Structures are given as C-alpha cells and as structure tokens.
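Quick setup: one chain, the form predicted alone, written in structure tokens, and binding and motion questions come after.
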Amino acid sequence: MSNLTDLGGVVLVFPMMLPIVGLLLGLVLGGRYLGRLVLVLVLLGLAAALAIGAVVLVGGEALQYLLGDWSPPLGVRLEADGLSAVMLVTSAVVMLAVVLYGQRAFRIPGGESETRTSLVFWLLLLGVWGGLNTVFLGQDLFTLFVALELLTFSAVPLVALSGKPETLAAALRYLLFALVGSALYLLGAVLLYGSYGTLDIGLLAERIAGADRWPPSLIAAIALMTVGLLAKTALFPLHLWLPPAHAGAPPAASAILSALVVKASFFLVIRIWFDLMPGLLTTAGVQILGAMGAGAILVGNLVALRQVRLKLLIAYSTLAQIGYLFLLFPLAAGAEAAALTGGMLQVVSHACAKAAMFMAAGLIAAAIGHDRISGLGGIARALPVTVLAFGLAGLALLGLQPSGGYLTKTLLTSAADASGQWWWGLVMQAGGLLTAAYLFRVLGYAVFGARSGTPSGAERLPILIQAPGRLQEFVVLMLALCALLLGLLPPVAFDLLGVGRTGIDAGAVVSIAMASAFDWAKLWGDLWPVLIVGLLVLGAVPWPDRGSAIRTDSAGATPSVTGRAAVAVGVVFQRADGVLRHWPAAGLSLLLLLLGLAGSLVFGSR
C-alpha cells in the first residue's frame, strides 16, 4: 500500500495548487480566455479528486502529506480521509457544472470589449475553489482560518457582481456577519494554542483526550469556534445574511454559495465535534445544535412558502436543508454510523439538487425577464427541460426513492429510533411535507398557471427574451439526476465515508436503508402524504380559467381555504423571520448561543 500512499500524498497537493495556477494565469489572460482555462483546470481537479477518492477507498486509510516534509507542530499537514475525499469530489463535480453553465453566461462575444464582470467572476470562482479544497484537506486550525477567509473574501464579491444597490447591501451584510464569525473562530484558535501549544487537530485531539478534565479555556475555545462557524453556515437563527445574498447573486454564483460555500464551515464543525473532541457528542450541546437544525427546517420551509420570487424561495429552502445537517449531532450520540452517513449524504445530495435549482431558476429568469412565481404560467411548455430539471431536483429534496434525500431521511430516522429520540423524526417528516408544498406550488404555476396579462383561453406560452443554451439545460438536468439517483450507487461506494473512522460502516447502513426502499408498501407509504399535499397546494394555484386570479402577491393568489390557511401561518413565520434578521436580534442570538453552548459544555465536562 505504500505506493498508493505515496501517490496520494502527491495528489493531495493538486486540488490546492490548481486554483492558484488559475489565479496567476488569469491575470495575464484576461476574462476573454479565462473561462476556458478554468474549465481545463476544473477537469484536472475533478480527476485529482477522483484519484484521491479511489486511493482512499482502495487503501482503506486516510492519506497524509507533510508540506516541506516538516511534521506538526512546526509543519503543516494535509490529510484526506473519507469525508475529505467525498467533499473534494462533490466540490469538483458542482464546480464543473457551474463552469460549464458559466461559459455562456459570462462569455464575451467576439468583437466586443472585455468586461469587468467576466474576469472578476472567474477569478472569484477560482478563489472559492481554492478555499474549499484547503478547508477539506487542512489539518491545522490556522490554515483552516486562512482558508475560510479566502472563501469569504471570494464569495462576498460574487454576491455583488451585478453592482445593483440591493446586492451591494446584501454583500456588505454577508461580509460583516462572516467577519464576526471569523473573529470568534480565531479567538477560539488562539485560546487552544495558548493552552496546548499546537494548532494541529491530531495533536490537539491527543492532548485533550489525555487530560483529566476540560479546562475553562478549552470550553471557551470550543464554544467560540462553534458559534463562529455556525454564523458562517447561516444556521437558524443566525441566517440574517443568507436569503438576500443567495437570491441576489448571479445564478451561477448562487449555486456555488448554496451548494458548497455554506458546507465548508459545517465541515469544520464536524471536524471539531467528531475529530478534535469526540467527547462533545455526550454533552447537552448536541441538543442545542439539533434544536437549531429543527428550527431551520420548520421556519425555512414555512417562510419559503410565503416567497413571491423563485430565487428567494430557493434561498429559504437552503436555510431549511441546512437544518437537516445539524440533526446528525444529537443522533450521533446513539447511532453514529447512521447519523454521520446520513448527514454527509445530505451534504452531497443537497449540493447537487440546490445547484440545479438555482441554475434552473436563472435560466427561467433570463428567459422571461423575471422570477416571480405567479408569473411562471406556461413556462413548463416553453422550457420543458429546465422545468423538468427543477422538478427532479425538488423531488430529491423531498426524500423520495431512490434519491439522496431518501437515504438521508431514512438514515437519520433510523438513528432517531435507535437512540430513542423520536421527535427528530417528526421534524423531518414535517419538513418533507413542507418541501412538497412549495415544490408543488412552483410546478403548479409552471404547468397549469396562466401567463400574466393574457385573457382566459388566450395563448399561454410566454414570450422568451433569451432562450437557454442546450449545454446549460443539460448541465442542470445532469445535476438534478445526480441528486435523484444517488441511492442507486452500489453500497461499496459509500464505504468511502467511513475510511479513517472507527466503527463507521457506511456501506452497511446504506444497504439496510435501501433494502426495503422499493417495496410497494414502503413506496406507497412515502408517496401518499406527498400526493395529498400536492392536491391541496394545486387547489390553491390559479388554473388557466382563473386568469384573473393572477396576482403579484402570494396571499392573493391562493383562493382556497387550505391556501389561505397556509399563507396565514406563513405570514406569522415570515414576520418572526424578519425580526430575527435584524442586527440586534442576530447579535443577541449569537450571545445567547455562545452562553448556552459554553454552559452545556461546563455541565457535560469531565
């Protein structure tokens, strides 16, 4: 195995070097040719990520590489275990899809002058890619801080790429809150260095495990770092920056922000709670993280139902789907294999599905000049591939067989049953039905709604301002299919998730989850609640002969009793969401969460 390990050590450098090479060459080439260079680099990066995944899976152990051949604490160590390999491959796949999509969106036609937007987009995309790969491979807390900052300072300008006042305001809000998170993380890292004399995660884990008790500095450091990372992840109620940032960015940028950027800080929370201090999983802190995840699922989905714009609906859907990730913390205390596998599959499935939805929304907005949901009438016939891709990605989020969402919810539910925490299962069921509600609402308008401004019985096909490119539609459809068909991968492929961890047989738990997935009783049991929700929602959508019902606000577009009841609930949650996204409320949430986590660690410490 030494040959494989040697190969892996060299390959670990490539995902970090390729973006840097692109940044340097991009300043020379300019925006006109940079898109093609980025495409070549991302293809090479995907090959490197697949090679790392293959080596880790076949070798059955984590790969390490010492920069400059210096060992920690003096040197910096890179490591790719199963989780890192999965994240590298997921990042490369989504990045490739976005780069292919962006070739047309940021193309400079021949004979026209080069624009600032094209050059800046590709450079920032390379910065995001480099930051992500460093987060997934780094094992030093300061290296990870630098990677997070590279990620933040590359992602924030993507939000404001259009230069519109509202996007500038959203980017500034994102920047300020992310910097607060960075400050908290850095303060925690400083406390750890002062207490243990190293920032290497492996060495820190050994020294913390060998201590008789957790000192106050350690508890304070973990609480500070966790809260800082939660702010960057935009976990409810620390999400004041996410909806306007994700909804205002260009579609390709929104896809990256939602699919990958928020997952980087979540990945570091996994590193801290599972690798640096696994003893944290036995404290009450996991229940706090689970409660925040449950709040995200319920509030995010309900507020999504209230949205008028398609991209804002998808942004709130991201807020809700982030919540599933944090349910794995309380569930891992009793069933770590199922919980961790389910959580990581949610990362992969959501990345593909949400990137597909944002890019599909971008194609729709470019085609008809807006993304108002009530104005989508006839779009399913005008853009059938795009709407199909959007619907398939939504089905993956619902959790129907054989999607990644199904695997996620089945594994997390089995972990809830095994650990006696049944209430988390109820939250997931409610989240799935609410997801079905907003998905059917969009599809109902797209398929059955009348085109805005047309009388009843008139031609309902919308006038397309810009037809989407075939390659763009193909990319969006492939991403949606990746999310939808994730459960059909052979179970041995999921063994990758368990490499480098004791007692995690991901392939076995996935096999059990899929064993009865296609039984008629199971299929019908999962399908009928979704169908009922669909019928209720479609009853609230204006049909072709209700053309006069087309309104610009969601409340006026729901003539049925069920629709009005849903809107009334949505109004309450939307107002609560509006309050929470004010700076004083967000600051108070940060403080209370910090105190709550620190208190839970004090009472749970040894």
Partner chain sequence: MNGTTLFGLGAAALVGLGLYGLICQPGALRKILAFNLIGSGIFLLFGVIAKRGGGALAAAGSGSDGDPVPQALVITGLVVAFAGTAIAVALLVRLAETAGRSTLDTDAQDASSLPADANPPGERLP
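Note that the structure is predicted; figures quoted are calculated from it, not measured. Residue numbers count along the first chain shown, from 1.
Although not depicted, the form predicted in complex with the partner chain is the subject of the following passage.
*Could you tell me if Gly503 has a non-hydrogen atom within 4.5 Å of the partner chain in the model of the complex?*
The answer is no: Gly503 has no heavy atom within 4.5 Å of the partner chain.
*Contact label in the model of the complex: Val579 to the partner chain, heavy atom within 4.5 Å*: Yes, Val579 is a contact residue.
*Distance check, Glu112 to the partner chain in the model of the complex, heavy atom within 4.5 Å*: Heavy-atom contact with the partner chain at 4.5 Å: present for Glu112.
*Looking at the partner-bound form in the model of the complex, is Leu591 within 4.5 Å of the partner chain by any heavy atom?*
Taking the distances in the model of the complex, the answer for Leu591 is yes, it comes within 4.5 Å of the partner chain.
*asked:* I need to confirm a contact call. Of Phe266, Phe236, Phe329, Phe106, which residue comes within 4.5 Å of the partner chain in the model of the complex, counting heavy atoms only?
replied: After the contact test, the surviving option is Phe106.
*Answer with one of Pro384, Gly525, Pro490, Gly197: the residue that has a non-hydrogen atom within 4.5 Å of the partner chain in the model of the complex.*
In short, Gly197.
_Taking 4.5 angstroms as the heavy atom distance cut-off, pick the stretch from 344-352, 125-133, 479-487, 138-146 that is near the partner chain in the model of the complex._
Going by heavy atoms within 4.5 Å, the stretch is 138-146.
*Select from 141-180 the residues with a non-hydrogen atom within 4.5 Å of the partner chain in the model of the complex and write them out in sequence order.*
The stretch touches the partner through Phe142, Phe145, Val146, Glu149, Phe153, Val156, Ala160, Ser162, Gly163, Lys164, Pro165, Glu166, Leu168, Ala169, Ala171, Leu172, Arg173, Leu175, Leu176, Leu179, Val180.
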